[in-house]
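Before any questions on binding or motion, here is one chain by itself as structure tokens, the form predicted alone.
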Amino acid sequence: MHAGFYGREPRNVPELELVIVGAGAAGLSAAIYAALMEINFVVVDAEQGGGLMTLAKTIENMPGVSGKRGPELTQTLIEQLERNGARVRTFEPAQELRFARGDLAVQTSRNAYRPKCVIIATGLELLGLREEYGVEGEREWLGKGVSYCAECDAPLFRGKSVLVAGNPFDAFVLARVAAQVTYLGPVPEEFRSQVPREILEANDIDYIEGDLQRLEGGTVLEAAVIDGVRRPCDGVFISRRKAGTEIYADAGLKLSRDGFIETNRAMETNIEGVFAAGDITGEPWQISKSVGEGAVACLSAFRFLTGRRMRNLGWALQDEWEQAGI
């Protein structure tokens, strides 16, 4: 994986046209399209690129991709980007976004960018990966029994016993393939009206309540300790996710109640010239969805840039005509 420059060198366009913030599935997809369309752009990432995609043990739910590990797919996308003359600027997190009307600015840890448009593709933060939120043993068995995405990893637990903590809809997905599914309640308030305990139990999902204290195992996960009681299981699905930070609200972006950036089908936000794609726009949290939204966001950005150029050309011609007395 290459650190260093960043988008495409200026060619026929002297000004920076686009900044892509985030180099997960959505950001890399947008960047590949930007490179192919000769947009003068920069793509920055807080880490090495790939986002949560790098946590996938194996990918079976993306059309055309089977059996690849998350880091392998990440590298494939980065290599495709580099073949088209661009790179990710790694370890350069965005620190401030200023979106005044017609004047966009992205301040990172290294640079201050003033692009014509912006695509935000920063994905989600998994709280379990932070020391203050994670369950003891969670990171130790990540990919060895601990998962964050039922839609992604359910096939890996066919015929096995799993525990679900967080989103009750994950339990329904897993109930299709796992031999035994236990949901650890209580159901979070945002799901309670849709999925009360009775609905879970009616779908052969065991329901218990308690405090998930730690995870135990050897080479793979073997058990979860809940209120001091060791419960054998093959997998634990933990869905504690955080959308953006206050950086988006401070920039004036319209957010959903859960903190996701609201967009239309063109991935446009409420601010002209600012687009969003991937997990940061909300569920479903799927690589295929992120890749598609990244492509749509870049195509929308290209149309925005093209329209801006045509308007500028029109104004320039009008000035020339007026000066010539036409």
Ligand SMILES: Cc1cc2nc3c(=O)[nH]c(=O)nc-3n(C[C@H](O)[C@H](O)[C@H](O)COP(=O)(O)OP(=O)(O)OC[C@H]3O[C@@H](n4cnc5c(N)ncnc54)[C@H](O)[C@@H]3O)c2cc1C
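Just count from 1 along the sequence shown to find any residue number. Just so it is clear, the structure is predicted and the values come from calculations on it, not from any experiment.
The following text describes the form predicted in complex with the named molecule, which does not appear among the structures shown.
Enquirer: Could you tell me which stretch in 296-304, 257-265, 34-42, 273-281 has residues with non-hydrogen atoms within 4.5 Å of the named molecule in the model of the complex?
Expert: Going by heavy atoms within 4.5 Å, the stretch is 273-281.
Enquirer: Going by a heavy atom distance of 4.5 Å, is residue 92 a contact of the named molecule in the model of the complex?
Expert: Yes - in the model of the complex, heavy atoms of residue 92 and the named molecule come within 4.5 Å of each other.
Enquirer: Whether residue 25 contacts the named molecule in the model of the complex should be assessed with a 4.5 Å heavy atom distance threshold; does it?
Expert: Because a heavy atom of residue 25 falls inside 4.5 Å of the named molecule in the model of the complex, the answer is yes.
Enquirer: Since only the chain is shown here, I'm wondering whether residue 21 would be in contact with the named molecule in the model of the complex (any heavy atom pair within 4.5 Å).
Expert: Yes, residue 21 sits close enough to the named molecule in the model of the complex that at least one of its heavy atoms falls within 4.5 Å.
Enquirer: Is the gap between residue 157 and the named molecule in the model of the complex 4.5 Å or less for some heavy atom pair?
Expert: No - in the model of the complex, heavy atoms of residue 157 and the named molecule never come within 4.5 Å of each other.
Enquirer: In the model of the complex, do 46, 55 and 148 all put a heavy atom within 4.5 Å of the named molecule?
Expert: Yes: 46, 55 and 148 each sit within 4.5 Å of the named molecule in the model of the complex.
Enquirer: Just to confirm, with a 4.5 Å cut-off on non-hydrogen atoms, which of 105, 199, 175, 124 contacts the named molecule in the model of the complex?
Expert: Of 105, 199, 175, 124, the residue with a heavy atom within 4.5 Å of the named molecule in the model of the complex is 124.
Enquirer: Would you mind picking the one in 77, 215, 86, 152 that has a heavy atom within 4.5 Å of the named molecule in the model of the complex?
Expert: None of the other options qualify; the answer is 152.
Enquirer: Given a 4.5 Å distance limit between heavy atoms, list every residue of 256-295 close to the named molecule in the model of the complex, or none if there are none.
Expert: Result: 277, 278, 279, 285, 286, 287, 288, 290.
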